[in-house]
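Given as structure tokens, the chain that follows is alone and in the form predicted on its own.
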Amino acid sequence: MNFITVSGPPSSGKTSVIIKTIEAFQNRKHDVAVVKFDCLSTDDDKLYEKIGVPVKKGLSGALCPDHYFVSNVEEIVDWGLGLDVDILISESAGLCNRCSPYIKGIKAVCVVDNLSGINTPKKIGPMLKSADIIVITKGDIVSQAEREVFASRVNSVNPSAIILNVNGLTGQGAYELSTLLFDENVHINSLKGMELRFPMPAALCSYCLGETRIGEDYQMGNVRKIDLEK
């Protein structure tokens, strides 16, 4: 089984890109399953069900969706292996730009959109910088010059990644993406002992543990203060 992790900022078009890519996989007779991670609610699982794909969804609730993903990723891989599918795709929640839900040796895809602004790529951390493939969406809404400038900014942040433009509505570029994602020589049997590409965002302060009161007297653990003297 191939395992693929897909992440990106909120509303960047992750689900649409995945669905069009799955259709390209299905045309080549590959069996695909999807796990959708989100925070509070999602109906994306119904979209996957409509195209006949086995799907599970996980809601992190009050927890960081990135930490929730890593805590459950081994179980979802076991679920995919039990279905005997060729490809298992994990779609993250729309994550904060610091997040990094990528694993060494596992194909990593980051989806960003042209409408987010030309300075957005340099604001995104490991989620963009450590991806193998970067998919840029919503190119049909902006001019050619804007597409080229945005792609150049993405390339400057992660020069080693493959950059593709994919239209989530028409599916243009999805077939090319599918050929890059599937590798017949890769067989994932377990993630046990594998490592993340980058450490997770630091956590465990008093607010992580449920504190709601404001003030230094109530702050403990991993706390960072802004330097107002500079």
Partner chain sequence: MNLDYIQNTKISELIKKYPFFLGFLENNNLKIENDLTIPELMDSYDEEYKEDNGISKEQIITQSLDYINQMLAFLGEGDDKVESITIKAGQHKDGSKETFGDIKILSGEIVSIVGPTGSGKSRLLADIEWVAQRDTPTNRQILLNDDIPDKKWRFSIEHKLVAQLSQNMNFVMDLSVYEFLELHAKSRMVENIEDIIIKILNQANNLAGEKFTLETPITSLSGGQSRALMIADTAILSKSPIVLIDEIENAGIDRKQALDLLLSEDKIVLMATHDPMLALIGNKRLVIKNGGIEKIILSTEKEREALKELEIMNDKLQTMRNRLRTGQTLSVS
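Residue numbers count along the first chain shown, from 1. All of these numbers come straight from a predicted model, not from anything done at the bench.
The next section is about a form of this same protein that is not shown, the form predicted together with its partner chain.
Peer 1: With the partner absent here, would Glu148, Asn155 and Asn165 each sit within 4.5 Å of its partner chain in the model of the complex, counting heavy atoms only?
Peer 2: So, yes: the whole triplet contacts its partner chain.
Peer 1: Would you mind picking out the stretch of 105 to 113, 67 to 75, 88 to 96, 156 to 164 that comes within 4.5 angstroms of its partner chain in the model of the complex, counting non-hydrogen atoms?
Peer 2: After filtering at 4.5 Å, what remains is 156 to 164.
Peer 1: Look up in the model of the complex whether Gly80 has a non-hydrogen atom within 4.5 angstroms of its partner chain, and give yes or no.
Peer 2: No, Gly80 sits far enough from its partner chain in the model of the complex that none of its heavy atoms falls within 4.5 Å.
Peer 1: Going by a heavy atom distance of 4.5 Å, is Asp183 a contact of its partner chain in the model of the complex?
Peer 2: Contact check for Asp183: no, nothing within 4.5 Å of its partner chain in the model of the complex.
Peer 1: Heavy atoms within 4.5 Å of its partner chain in the model of the complex: does Gly193 have any?
Peer 2: Answer no; every heavy atom of Gly193 is more than 4.5 Å from its partner chain in the model of the complex.
Peer 1: Do Pro199 and its partner chain share at least one heavy atom pair within 4.5 Å in the model of the complex?
Peer 2: Pro199 belongs to the contact set for its partner chain.
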